[in-house]
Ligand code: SAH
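Take a look at this single chain, the form predicted on its own, given in structure tokens.
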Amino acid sequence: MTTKMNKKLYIETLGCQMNKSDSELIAGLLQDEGYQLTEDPRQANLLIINTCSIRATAEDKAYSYLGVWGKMKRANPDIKIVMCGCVAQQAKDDVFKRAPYVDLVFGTHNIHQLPELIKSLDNEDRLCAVTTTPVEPSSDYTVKRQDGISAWLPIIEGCDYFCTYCIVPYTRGRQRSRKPEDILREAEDIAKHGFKEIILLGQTVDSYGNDCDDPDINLANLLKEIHKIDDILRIRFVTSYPADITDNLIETVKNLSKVCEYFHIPVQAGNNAVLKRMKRRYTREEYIELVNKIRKSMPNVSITSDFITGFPGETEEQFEDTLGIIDEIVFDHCNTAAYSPRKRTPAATWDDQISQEVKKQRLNRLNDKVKESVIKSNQRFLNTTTEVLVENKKEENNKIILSGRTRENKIVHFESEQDLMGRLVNVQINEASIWCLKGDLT
């Protein structure tokens, strides 16, 4: 049996910010049980992989990690191997068929049961704990956050939209908003521990409160309450669903000084026929109108997005419409991916799948178009002075090199004679590349 003195935990996290936030909760729950985090899997006797199933490559990567860990377990049978996250939620005990050396599989709804599940392994060879409804947590639990300036704060989980390509409603469940008082209590704790920026998380973050009976529970009002916390300098929120961004939310972001002028709004495609088949609930014209409305309210706002290319049935002409919307909007950044069929989603069953060769070719063209957009958006910062929250530092040739983010979420590098970590500073921008801005401290 593992003693408290040698309880070493390693967590490998794949996927989105929500998964990373879940891993912080997992680390906190097990820290309360005497486990100590290590960054070296070879030093751990409990190995956990938190998985992502948004694309096949992410799922394959998870099993690749498990294969390596299985070899480690053969050399040291006392090691316990755990799979959790979206792949676990979907695959359940089928994981054991593909990776028989795994000891525990638990789903996205069962995180708060983890301490008891780990203890149960003393009496079980293998254990699968995957439920379709969330297990309600107690009010007293620890979140072991990564060191840094920013902290993630989940406010809503799941999704009600069932886009035809997306696995999230099946792995994360239907939309569930956290209680405002629980969120605010956690936000106060984040500030108490020295973090300067809070990033509110949700698969559709601006849907917050839509599943509640109280109309006063919404993202705009939540932002106003978090804004009152003295030691927090900045607030962001991701990811937005276009149809849920209200005029009230836009006005709130504009008026609250701590809330950054930054919207991540996935569009996924620039053609109405493709959007309809994706079941995205808005048109190209409505998306452009929304962006224009936000920019009219906040001229310096940053708009970022997500795109999928090679969706079933997508024609060359329809793909050209996607390239065209990037030119029209000029995004500040975009995440891109070739369509990947996922089990249980409608699009995976359709006959008009696009070949891998065409998807790869279109993805390359899409990425080239995004690069053009990003460099154009970055160049608007040249010869301007912008506010930067300092997040990182390194020393080079007896110089201190600092980096941080603007309110618009642009990365900025600059030199300094002193450590300014966690401080808001002004930087004169004199260089703009695809990946970052560079400048001088003013």
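In this text the structure is predicted, and so the values were computed from the model without any measurement. Start at 1 with the first residue shown and count on from there.
Here the subject shifts to the form predicted together with the ligand, a form of this protein not shown in this document.
- When you look in the predicted complex, the only residue of Q113, S177, T239, N221 with a non-hydrogen atom within 4.5 Å of the ligand is T239.
- Shown without its partner, this chain lists P154, P134, G209, P266 as candidates; in the predicted complex, only P266 has a non-hydrogen atom within 4.5 angstroms of the ligand.
- Not displayed here, the ligand is approached by S340 to within 4.5 Å at the level of heavy atoms in the predicted complex.
- Although the partner is absent here, Q203 lies within 4.5 Å of the ligand in the predicted complex, judged by heavy atoms.
- Contact annotation: F307 falls within 4.5 Å of the ligand in the predicted complex, judged by heavy atom distances.
- Shown alone here, R277 lies farther than 4.5 Å from the ligand in the predicted complex, counting heavy atoms only.
- This chain is displayed without the ligand, yet in the predicted complex the stretch 299 to 307 from 299 to 307, 284 to 292, 186 to 194, 320 to 328 comes within 4.5 Å of it by heavy atoms.
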